[in-house]
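So this first bit is one chain, no partners, the form predicted alone, shown in structure tokens.
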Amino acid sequence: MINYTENIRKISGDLLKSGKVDVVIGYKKGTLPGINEPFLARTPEDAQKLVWDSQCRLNLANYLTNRKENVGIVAKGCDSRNIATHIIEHRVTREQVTVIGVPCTGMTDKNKLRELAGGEITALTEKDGIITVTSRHGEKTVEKQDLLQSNCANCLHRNPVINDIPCADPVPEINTARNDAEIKAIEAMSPADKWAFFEDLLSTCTRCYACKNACPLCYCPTCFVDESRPQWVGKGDDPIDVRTYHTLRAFHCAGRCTDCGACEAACPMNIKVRLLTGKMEKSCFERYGWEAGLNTEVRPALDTFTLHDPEEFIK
């Protein structure tokens, strides 16, 4: 994937030079090795700062919300599906957006990289599917496939579903069915074990809202955590408030989440918040055969009603 950078820079520069778009949303190298940053290129010169490799974890659709100008956006499979949701939910119009499609072979897990390095990473290189990290302990090399985020290892849509200007040929899809093994294991627990599991899972949450801020779906004008009349959830780190926050946020994402992994990538406490949104998406798929963001014509499962909807919850 690192070879995509030159193509992305050329496409972006041409779009900006021609005036077709006013800004291109992409990535630039971060200040630390292994972490790329979202970047808004507004001139052809800016476009030469754009990069692409396996450290582009955050979902760029998060920077598309409510923009008024014409926008180019670099998008892998999950990003493009969130762009579709933005269009469906009228956050942007289809005519505004030019998608620079990036076939994706997965992003590396920041925690696996740190574990491999044995400490702070001082340098990171990627070539031909091989990652090399350097730390004070020396240099270590491993195949990228062994360092993937769990959502990337199980990805069903590696190629963009909206793809106006492809930067490369499509990559083969490697998964054909959902892998819900971890969620099914939790579903099989007793109520007491489930309570203990989630109590432990969320015990380190500091309510920093990094997961919410990184999520491309969290664009309500006023978030429920900020409401004061009425106040739905307290502002502190009381365990009840923490559980309420994460549960309500997961329900708000139900039928809309593309499992992009941005929430977990942003979490400073390494909490597996995808287990909550993953349960919602599993239920939507089982009940409605629904996967989020596969086209721009059909609204999310919990945003529609038909006479054939399952009603077993009615007693």
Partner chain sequence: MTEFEPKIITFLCNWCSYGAADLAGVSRFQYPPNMRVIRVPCSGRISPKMVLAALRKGVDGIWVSGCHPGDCHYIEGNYYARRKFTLLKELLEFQGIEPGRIHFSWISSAEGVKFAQVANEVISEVKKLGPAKHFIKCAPKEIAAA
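Residue numbers count along the first chain shown, from 1. In this text, all values refer to a predicted model and were calculated from it rather than measured experimentally.
What comes next is about the form predicted together with its partner chain, which does not appear here.
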Whether Thr244 contacts its partner chain in the predicted complex should be assessed with a 4.5 Å heavy atom distance threshold; does it? yes
With a 4.5 Å heavy atom cut-off, would you call Tyr219 a contact of its partner chain in the predicted complex? no
I'd like to know whether Glu227 contacts its partner chain in the predicted complex, with contact meaning heavy atoms within 4.5 angstroms. yes
Within 4.5 Å, heavy atoms only: does Asp309 come near its partner chain in the predicted complex? yes
Heavy atoms within 4.5 Å of its partner chain in the predicted complex: which stretch among 74 to 82, 159 to 167, 192 to 200, 143 to 151? 192 to 200
Quick one: name the residues from 160 to 188 with any non-hydrogen atom within 4.5 angstroms of its partner chain in the predicted complex. Ile183, Ile186, Glu187
